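Structure 1 and structure 2, given next as structure tokens, are two forms of the same protein chain, each shown alone.
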Structure 1
Amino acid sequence: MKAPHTCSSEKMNPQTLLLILLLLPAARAFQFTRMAQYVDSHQEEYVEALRDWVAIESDSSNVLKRPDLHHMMEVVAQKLRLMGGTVELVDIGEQELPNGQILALPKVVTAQFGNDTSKHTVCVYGHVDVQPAKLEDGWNTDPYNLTEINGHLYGRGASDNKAPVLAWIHAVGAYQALHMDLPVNVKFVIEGMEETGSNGLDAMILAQRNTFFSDVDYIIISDCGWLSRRPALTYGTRGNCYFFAEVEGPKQDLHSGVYGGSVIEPMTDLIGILDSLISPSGKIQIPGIREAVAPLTDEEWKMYQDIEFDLENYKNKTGVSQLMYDNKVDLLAHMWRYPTVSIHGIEGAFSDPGTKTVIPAKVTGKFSIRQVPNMDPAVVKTQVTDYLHSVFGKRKSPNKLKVSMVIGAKPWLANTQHPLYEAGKAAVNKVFNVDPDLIREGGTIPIARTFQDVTGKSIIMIPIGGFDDGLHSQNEKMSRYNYIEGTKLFIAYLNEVSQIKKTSV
């Protein structure tokens, strides 16, 4: 009698092979379900980790908090070390303060998990410094004591950017805990100066372009938020050109009763030229600015039309009775893909309570122009400087005008047809069972453009923060739901990226 046939890898019949191939997707789904259950069962541990991080007052703008910032970076590095990562604290030099004081910049944490050359390598960027916060600013809870109310985790830095950084770390940790191979190699770059301009980071990225970043295929940033309750993928940010316009007149401040009517006042000149920047309807009046903007395409219009966005909710959230535009597409376009002028303040002017009757001898107006693709900060600097001097010249004033651009951050825009975004859509669908909105950010994340220009790698922004998280404001929060489901999203995304064909760039 013939011995029963055994299926070895050498003698597998076609029917058995087909069955295995058909079952592979189910195996992947089962593994994700198992990982999602692991995340759910460890969510209290994740919340406690966020509580520990929020308790560290890592305010990068306050030099007195610099020791806390150094400690924060050590805490991040140690967490990654305990997970078995190859971790380095990269010295990025020193910072000179306006008073001449020299301070060490917080070191940048880099880490690597996996070095399988047959796999893609992704690099996750995040930051763990925060904006200033004090209870007396109007917080309902201690900003540095994570407080849960109705499923929301309140604390400075909870959403921007400590919870997203932790969610990425926990995503890697979940693979490890369940003894599953990471589907891709994962690198981390975590800094501590993002809220004050990422001092030293550009130079560090340039210096490590051919070392740490040499094998990176894709870069992921999660320092952003959803537009509504629908999950989103972010594919663009505006840049920022920030200007000082200084008008100087008398040698010292003057009494308005004694000298008013006899001198041409710097403040009057300044307000006159600032008023010339933008019309009451929001039209930028500087020649060449609007002409440089790429026209809105039919495809873009359709994308904006499909985005979930409620104008009335937005109006109520901002506390205004009227918006600049009364339809969704126009408003989103002017928030994301058109430039805007914002006037931020006047240095040298009297701003304290009371009635000081002074004519300031020198005042400096501060304003910014958000950049969009096709705009070049160097060109914008020339356009603004020439225009303001032209307007000022027509005033026939004896005062002196000096215009300077102190920030020139470029915009960033990605191709939504790139496989990174297809992977993002698949991951969002797996976790939330909806298609994500494809959105842009009106604000500026300069590091995205730096990564793009220096490394040449493709970038995606995957937010998990809510639309109402209150970044930089009082009562900043991250919802428990977004934090936990965001961790699952990152787990799913790593798996989706692993399936991108190696030929994709």
Structure 2
Amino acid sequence: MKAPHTCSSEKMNPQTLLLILLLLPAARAFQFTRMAQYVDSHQEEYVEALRDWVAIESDSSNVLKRPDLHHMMEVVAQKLRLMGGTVELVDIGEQELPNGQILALPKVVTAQFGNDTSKHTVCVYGHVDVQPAKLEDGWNTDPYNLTEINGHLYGRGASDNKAPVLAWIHAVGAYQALHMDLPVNVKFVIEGMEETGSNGLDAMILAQRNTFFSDVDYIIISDCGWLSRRPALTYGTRGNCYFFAEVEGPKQDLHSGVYGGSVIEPMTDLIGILDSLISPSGKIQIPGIREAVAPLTDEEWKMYQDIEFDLENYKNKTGVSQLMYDNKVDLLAHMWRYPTVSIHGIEGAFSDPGTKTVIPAKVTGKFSIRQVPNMDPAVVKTQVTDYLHSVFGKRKSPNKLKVSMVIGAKPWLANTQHPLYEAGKAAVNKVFNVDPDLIREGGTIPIARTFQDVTGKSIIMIPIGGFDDGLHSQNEKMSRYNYIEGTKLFIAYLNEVSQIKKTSV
């Protein structure tokens, strides 16, 4: 029996079809509005979810917190399972610490929502490990107890990267809750070692290149932040080579009164070689490093010139009386596309309050060099190691120097003309009603480069973190506004990506 009225387009008269086509954008807008309203009305639930995640001290750099990190990965997997995703906890093996200790790496969570081959498949990457944080470092609130003050949600990992990961999960959840078909298939890769260089992830991506990643069209990463109050899309990141320089002398710490004058102190040697890395004005002194850097093009210079960036505001935000460069282009270039050396600290020396009169026996200087095109971490490792041994050799010290590179992450650069970026601009326009800035990121998202090299897929970075979120520092926060509007942005973006022609991969 045939229905009296059919809606099949084959049988529809041209007028009706035209009417429907004309109404379609309105219908889509309506859908987005409905989803946005859903997000607004569920924001307390989203904040609570973030509170639960921040409470887990998933510090990947502290081996004592490894059980918390394993727990964190289980929590992520369970959340995705409860939403009906096809979830796996992928064993990525073990790591060897500099002291020889072997430690299990946190498993990587993979998940899949939707399996429709007529749709694009996006893969959202995120991480749920965090940087170290202690109240004594100068936090105003307990770093692991999410605390809202004036619309800001303070907590370690709130912005980097727990809220963005949750926003993606909530975006998928909103489609589900409103019984709307996901416009694209969505996969997740959530790791727990990002803050220490994504140990084990490269091999896992390589291993699953022809399985989990085979049908992935695009990779989406939201592990970064805006440059100003204007939303942004990110098209490049710096890499990072992190070094330990260990100087060992006496067999144990010595009293500086009793022994001072009888031994060459490891701290004196370490301070000496660390001081040789960089000039007072910030110039890297390791031969070969600066020579490898791709020259700044006129086009790049022009692009930087056009970006919304307030030097005075940036200065106030950092709280320094003077920036390293006093013009926008030089400053952006040195944050994004030139290498820098930062000395982070010394392990093994006296670092507590007070006045210990000790000659530390073994001290490890920690510093890192941000990588940019066309640097190669393997070459940098050799350059740094050779240079430090040469500087140390001239000191004629009886102490022993050991240089090791514990992180070696490459930089990444995308083509901003790709339809992925066009879709990004459209989604930003829908939610925020402005064009995004096209920016780069001084920090490192190691997986970006790996995805590019191993899978050959295109990548976009869509940040939702604020420019003043204080990543890696005291009082890290995610503003409620960015978290909630960011969830809407992800909802809109999934829809925009579905409009990309199937050929544009």
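All residue numbers here refer to structure 1's sequence, counted from 1. Definition used throughout: the rigid core is the maximal C-alpha set that superposes within 1.5 Å between two forms. Note that this is a predicted model, so its numbers are computed, not measured.
In this comparison, the chain shown as structure 2 is the form predicted together with a further copy of the same chain. Once both forms are fitted on their rigid core, the CA atom of R337 lies 2 Å or more apart between structures 1 and 2.
The rigid-core alignment places the CA of E300 2 Å or more apart between structures 1 and 2. Superposition on the rigid core between structures 1 and 2 places the CA atom of G239 2 Å or more away from its counterpart.
Once the rigid core is matched between structures 1 and 2, the CA atom of M324 is found 3.6 Å away. Taking the core as the reference frame, the CA atom of G348 shifts 9.5 angstrom between structures 1 and 2.
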